[in-house]
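Okay, here we've got a single chain as structure tokens, the form predicted on its own, with questions on binding and movement later.
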Amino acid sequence: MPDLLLELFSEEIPARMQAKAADDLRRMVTDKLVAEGLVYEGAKAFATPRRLALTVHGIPARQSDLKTERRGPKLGAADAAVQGFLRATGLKSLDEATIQRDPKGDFYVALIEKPGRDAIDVLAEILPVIIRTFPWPKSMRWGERSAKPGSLSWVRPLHSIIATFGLETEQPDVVKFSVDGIEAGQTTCGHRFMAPAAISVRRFGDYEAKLKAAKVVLDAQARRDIILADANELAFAQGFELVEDQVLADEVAGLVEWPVALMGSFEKEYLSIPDEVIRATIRNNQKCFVVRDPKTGQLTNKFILTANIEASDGGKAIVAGNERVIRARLSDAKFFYETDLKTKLEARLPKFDGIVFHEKLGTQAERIQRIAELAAQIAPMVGADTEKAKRAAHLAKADLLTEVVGEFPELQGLMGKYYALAQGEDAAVAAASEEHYKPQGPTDRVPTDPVSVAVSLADKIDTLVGFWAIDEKPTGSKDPYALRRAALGVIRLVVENKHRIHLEKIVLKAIDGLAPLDDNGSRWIWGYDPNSPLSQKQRDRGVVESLQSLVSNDAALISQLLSFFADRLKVQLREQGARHDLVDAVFALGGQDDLLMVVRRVEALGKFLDTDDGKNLLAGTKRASNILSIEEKKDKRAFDGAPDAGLYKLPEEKALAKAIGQARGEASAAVAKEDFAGAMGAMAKLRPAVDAFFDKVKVNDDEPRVRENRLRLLNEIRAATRAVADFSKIEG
């Protein structure tokens, strides 16, 4: 079957847009083909700085003929209905229609035959529409036509279009169409400098080979592999090793069509700057890789750049130009770093008084104070020194006001660590400056130092409580304050460090920090000073009153936050292979704010339900719950309270009652010792008695007192199993 080759050749496409643009082109073309009944075999899109390309192979040469039936009016219908039916179907008279018998009457039916079109004609129709409606994040118009209505808008000026269609064994045809005066053809250009002449191509294999001969590597992944391989080889030849950067490699692959690795250098004096600052300077400003000495693990005064040309001088001029820029940028970075060292972190803190964190949550200074107080309260729970935790929280945000972080925001926290060490702070205090932001994602490292853990928990929980209090919760599609990430961070900090923490207590302390209780038991807003300009603005906007009302219901706010943590924990455990319904079953018990214990319960419950005893007990428990739910709804009452042993008629009732009493006692004792596996084992002993009860006992006995007693006994099963989980929440 025929193949399509499409290329859109333009001025330089921004690297950050190329991958999505290639994917959009593939999706839009293939979706249109399928919608037109042209089901293809495969498609692949490519992007370079100057072109988007697409190959779709295995496209049918022609659409299939379509035959459809259209039902019309009843026999004897009004003439207006008949004429409308004839116009809609293209029939000349009712003689061309058939009659279909139906229980509701006889109807006219038209058989409409629509012949298929050649695929090349369909392509000529859909491709211009796709080009005109292409979803670039930003686009432009150019030239004399740009002022005309309906002129083409594209990311950069579009120069030419290749569109060929045909069998691999034959000369393909050009898909005839034009967009804004640009006629589709089969001509493109190679590398801008090394092979700028026009190239005539026929099909994809021919196209890719001729581009490579014209110094263009079409595939972005291939360019990326060349960049990393050549850079590694160049570094190795000098006795160094490349500091690989996958994100940078992807970006550089979008900047060049013919990658050429070159090595440059800078003065050794700049190595006095922290390695991360050197790397950020060289990476951000010149898109170059840094190199380290494998013997020391430290950066060397070398860098590797990727040129887009095989220069006649071997790249000397290109290297020299990059060296000049990097030297100037490193000089600036060195000045910023040395200037920052002259001012202690603590001396920067007063500036936070004038920086608003959020108009409803006060200044950064107020927030830092809240975090410090909360970190001091969390410290004993995680084995941290209270004073160190408080000191670390006070200094953790100070580097936000430094020159280096102002230039490279991605270094916040890390620079705080360097500055804290330079001014003689304790190592744990300094480390917390960097680590309190962690973990920032599912693959990010989790801090283990107790001081860092205390400050990180305080920071994240203060954020969650604050934005919950002002009703800025995440929605299904939006989470502008990254509250889901903060909650997952709290979960990982607690679970992976195996800390026993009751979240409810910490959340309540965070609420106290945001809106403390006064002598009368009423909450007032932390840091509110009626004489300060900021607080007056808060008063004018009703911020103080709204916060007071939002945090006045502590129980509701805590309940909402714990439910949010439960949802995040379900996501976390599901990614690890656990069942979300088991998390629901544990949280349904109420008061489950010890995340580590929740995880251990879920793990034990999952293992138990994988056994035959677990599966059968679950089935029996759910049967008991279902019967109770039906009867409670019917009688409009709950069957709680202890059963009357004197009303037991059958030995199976007595055996079940005895088994429940024994299992409940053993399970409760095991749970008290946090032996959840033992608690499950105790519950497993219920299985024979439950099976025998349902096999021999009629629950809805004709005698009302016996029926009620047996329903109470079923309720005892439900109550006993709740020692470990709410089995009614478990699926299956």
Partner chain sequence: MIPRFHADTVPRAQNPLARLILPMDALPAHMHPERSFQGFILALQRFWAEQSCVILQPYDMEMGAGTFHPATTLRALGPKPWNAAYVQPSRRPKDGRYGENPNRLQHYYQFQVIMKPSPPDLQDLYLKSLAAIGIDSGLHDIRFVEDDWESPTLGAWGLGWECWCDGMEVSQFTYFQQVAGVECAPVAGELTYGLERLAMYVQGVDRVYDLNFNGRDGSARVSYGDVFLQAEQEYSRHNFEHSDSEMLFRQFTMAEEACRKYLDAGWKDGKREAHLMALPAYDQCIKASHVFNLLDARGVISVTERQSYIMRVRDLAKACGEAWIHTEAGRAD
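Positions refer to the first chain, counted from 1. In this text, all values refer to a predicted model and were calculated from it rather than measured experimentally.
Absent from the display: the form predicted in complex with its partner chain. The rest refers to it.
Undergrad: Quick check for you: of 598 to 606, 647 to 655, 579 to 587, 145 to 153, which stretch puts a non-hydrogen atom within 4.5 Å of its partner chain in the predicted complex?
TA: Looking at the other structure, the answer is 145 to 153.
Undergrad: Any of the heavy atoms of R141 lying within 4.5 Å of its partner chain in the predicted complex?
TA: R141: yes, in contact with its partner chain in the predicted complex.
Undergrad: Does any heavy atom of F236 come within 4.5 Å of a heavy atom of its partner chain in the predicted complex?
TA: Output for F236 is no: heavy atoms all beyond 4.5 Å of its partner chain.
Undergrad: Is the gap between R327 and its partner chain in the predicted complex 4.5 Å or less for some heavy atom pair?
TA: The answer is yes: R327 has a heavy atom within 4.5 Å of its partner chain.
Undergrad: Report yes if any heavy atom of K287 sits within 4.5 Å of a heavy atom of its partner chain in the predicted complex; otherwise report no.
TA: Within the cut-off, so yes.
Undergrad: Let me know the one among T621, T281, T306, T164 whose heavy atoms come within 4.5 Å of its partner chain in the predicted complex, would you?
TA: It is T306.
Undergrad: Can you pick out, from L127, V256, V291, A379, the residue that has a heavy atom within 4.5 Å of its partner chain in the predicted complex?
TA: Residue within 4.5 Å of the partner: V256.
Undergrad: Going by heavy atoms, what in 1 to 37 lies within 4.5 angstroms of its partner chain in the predicted complex?
TA: Result: F9, E11, E12, P14, R16, M17.
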